[in-house]
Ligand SMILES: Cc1cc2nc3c(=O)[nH]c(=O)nc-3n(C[C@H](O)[C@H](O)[C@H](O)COP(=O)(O)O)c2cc1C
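Next up: just one chain, as structure tokens, the form predicted on its own.
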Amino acid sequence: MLFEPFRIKNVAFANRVLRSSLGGRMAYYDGTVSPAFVHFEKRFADGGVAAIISPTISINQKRMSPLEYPSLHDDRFVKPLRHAVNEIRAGSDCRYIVQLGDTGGHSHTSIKPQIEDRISASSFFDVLYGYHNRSIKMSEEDIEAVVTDFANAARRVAEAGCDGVEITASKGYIIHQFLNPVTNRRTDKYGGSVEKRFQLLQEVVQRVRQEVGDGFLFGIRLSAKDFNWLPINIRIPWPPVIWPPRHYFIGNDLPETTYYAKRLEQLGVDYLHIDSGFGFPNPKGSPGDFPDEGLHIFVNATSYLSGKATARAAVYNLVPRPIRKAVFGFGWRFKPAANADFAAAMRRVVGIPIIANGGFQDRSVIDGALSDGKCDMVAIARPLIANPDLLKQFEKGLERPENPCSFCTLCCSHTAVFPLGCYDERRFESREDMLNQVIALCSPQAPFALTGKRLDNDHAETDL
């Protein structure tokens, strides 16, 4: 079933596998896509995926986090993106969908601290996500500005000739901060009840649809369950959570998120892309090992940004690695098709297509989720970094790739500081081979192949 074609609205997909959103430092410092961006994305298009969902592209000039990620906060980005997408799709049947997002109070990095990285639904202190000591409550004028940012960026996606747009209401980003009852303690029309917490997303959907038109493919990435207690975290909202306590430990669960799904269908959204968890990375959205090494690098790289960031790095440096992995890594484990059952729950209440994300690598797992009717398509990220030719290996009859992804999650935790690639040294003959692969993924002129082989002047592989 994996290789069966599928259609969502007026967009035809050659098979049922999408490359999920992969963020990486592949743009210029101002947010313009670069040749490295094209080089990286085209590998997956040529590898046979039906569509690529872009990195989460920022919509606000002040919150371009991390640096060197693409942005669409201005019309000047349209032409470079159009050229890039045309090159990525050239010679393949691959579609290109742009994912838009705003990190809000979970902004990871900045050259210098700035107040714009603090805005959120309410004031809260979060140990693991974001760099400020606490977020600040947005005014209604701030909220209107965010809605306008999403609408304008979506218009630019359509003007760039992309095949669709996806808004992330997941990952702990700004829309998710409004949906989550812990981070949204408002008492106005944007907070309190389930319906009011949905208000920001409703306004974003209405304005985006107005900008892109009824015929343009438009999807939402939605977290099916927040799992506020994972990973081990201290998240202190203001006003505090008194009742019900499940809001603090769970956040939204299926009763709330299936309500969101039905509302999104009523508003004219064309598909839902389902994951789970709150914050990025998290053990439910990125099922696998706790990425201790990558997070150690990240917290030290950002330690100068605030008192919280300094303390976070100090604790990480002082606590021995085995204890860090045992405490902070609580809840991190691999589960095949981790969110397929959540996708199935959504599919039971809506009639629009459902994409499932998380834990897909073995062909039987992918085919099983599809044939069991749990989802209509699957989105894959880390296993495709490890093997951009994953689908071609399936076509040869393999059940899983010869050198599979270990789901170590290091790629997710390294990407805010280093180029995107596979950082699991166990998959390579040497550290040099691993580093060569990272360079080859991102650099158009790199003299290396993904296998760690050096290329000669005729672009043939030779032993290092």
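Everything numeric here is computed off the predicted structure, so don't read it as measured data. So that there is no doubt, residue numbering starts at 1 and follows the sequence shown.
The same protein has a further form, the form predicted together with the named molecule, not shown here; the description that follows concerns it.
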| query | finding |
| --- | --- |
| Touches the named molecule in the predicted complex: Leu420 (any heavy atom, 4.5 Å) | yes |
| Contact of Ser20 with the named molecule in the predicted complex (heavy atom, 4.5 Å) | yes |
| In the predicted complex, Arg221 touching the named molecule (heavy atom, 4.5 Å) | yes |
| Heavy atom of Thr415 within 4.5 Å of the named molecule in the predicted complex | yes |
| In the predicted complex, segment of 152-160, 296-304, 177-185, 379-387 with a heavy atom within 4.5 Å of the named molecule | 379-387 |
| Heavy atom within 4.5 Å of the named molecule in the predicted complex - residue from Pro353, Gly359, Gly164, Pro80 | Gly359 |
| Phe280, Phe198, Phe227, Phe328 - the one with a heavy atom within 4.5 Å of the named molecule in the predicted complex | Phe280 |
| Residues within 4.5 Å of the named molecule in the predicted complex, restricted to 157-187 and counted by heavy atom | Lys171 |
